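Presented as structure tokens, the chain that follows is alone, the form predicted alone.
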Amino acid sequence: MPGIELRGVSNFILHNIDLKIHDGEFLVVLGPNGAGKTTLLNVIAGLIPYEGNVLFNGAQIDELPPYRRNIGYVFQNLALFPHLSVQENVAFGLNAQKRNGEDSEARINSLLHTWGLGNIAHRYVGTLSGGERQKVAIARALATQPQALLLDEPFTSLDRGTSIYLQREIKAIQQKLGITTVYVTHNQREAEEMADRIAVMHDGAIEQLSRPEDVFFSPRSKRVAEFIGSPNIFPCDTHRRLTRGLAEIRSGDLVIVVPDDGETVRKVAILPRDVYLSKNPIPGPHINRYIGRIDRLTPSMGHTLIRLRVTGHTILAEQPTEVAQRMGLAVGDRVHVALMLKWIKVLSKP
């Protein structure tokens, strides 16, 4: 599989993009709507004009039309053919390339089996659920054994449970195939869970390219920090393993239970929107539960940033303004605070 490189790529949205995507890497391009994420995919695929160069394994492919770049592309709207069956959709690229021998038939059957589509292979795609249509689109993109796979917000129209299931499936298959993959999303949780590295885009430029933990712990620009949400970061003074998968850290007087992967924890972080607040005691296991006092409320664009003092620390929480008003939050209020274990991020590497 090739590494992909963009050198000085510009067009009506992108501004002098330099980007190296490693061979076999799962790169997530993260950013708000209008940042240029889809345009970046379309440049790699050769679907729109651009200045600069796109290289696969060091060789320029700028003069190659899209069908000769050997790229699998899952579009946001999926672009499935409603007049074709599931099997015919998956086979479309192979048939277009006149690759319809026994090997191609075996590959199609293998993909139908891998994605659990065998029992609906003869149904038309208009009769399928959203998750089934997504599977068909991914299987079709992989059928021609592409050099690279591009995915443009493929799961935004799905419910959370189906989306999580398909994210895990595509990540597992990507790792098995070792295919270089570029995945576009505006969803930070998707980016964190799936990426080897994250490229954060804003206004047609890449603001930061780094490991997921570095994006969340060490945003390199104000724009990245504002988009991510300025996480609460707690340096680890002491670290003690409790049981398999869990550890306890101390940061000053604050004791936090965190996920444990066997490595020494250097810092932990949690985003303001993941800090849970209540006027009443919070149900559930009594871990990461604290009492705080509100010392500032800052409304901004439909949300209210709430600054709390908790055990000698300043912790930021965020609520939709209407929720904060409904709760009757005010400066000086004593509130119950929970740092939800599943949203705590752990930094172990230097």
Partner chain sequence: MNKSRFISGVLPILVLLGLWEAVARLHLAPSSFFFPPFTGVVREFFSLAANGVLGKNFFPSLIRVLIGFTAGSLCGFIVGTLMGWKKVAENAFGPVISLLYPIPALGWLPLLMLWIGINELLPIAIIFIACFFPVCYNTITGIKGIDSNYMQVARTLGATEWYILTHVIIPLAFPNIFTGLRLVSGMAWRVIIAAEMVAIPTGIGSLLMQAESLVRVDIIIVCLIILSAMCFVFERFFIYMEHTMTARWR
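Positions refer to the first chain, counted from 1. Since the model is a prediction, treat every value here as computed from it, not as a measurement.
Keep in mind that the form predicted in complex with the partner chain is not shown, yet the notes after this line are about it.
Of the residues V224, A199, C236, I71, just one reaches the partner chain in the model of the complex with a heavy atom at 4.5 Å or closer; this is I71.
Only one of G262, G178, P82, G161 comes within 4.5 Å of the partner chain in the model of the complex through a heavy atom, and that residue is P82. This chain is displayed without the partner chain, yet in the model of the complex the stretch 87 to 95 from 207 to 215, 248 to 256, 112 to 120, 87 to 95 comes within 4.5 Å of it by heavy atoms. Although the partner is absent here, G52 is not a contact residue: none of its heavy atoms lies within 4.5 angstroms of the partner chain in the model of the complex. In the model of the complex, the partner chain stays beyond 4.5 Å of every heavy atom belonging to I291.
Proximity of F75 to the partner chain in the model of the complex falls within the 4.5 Å heavy atom cutoff. The partner chain in the model of the complex is not approached by V310, whose heavy atoms all lie more than 4.5 angstroms from it. Of all the residues from 3 to 32, none has a non-hydrogen atom no more than 4.5 Å from the partner chain in the model of the complex.
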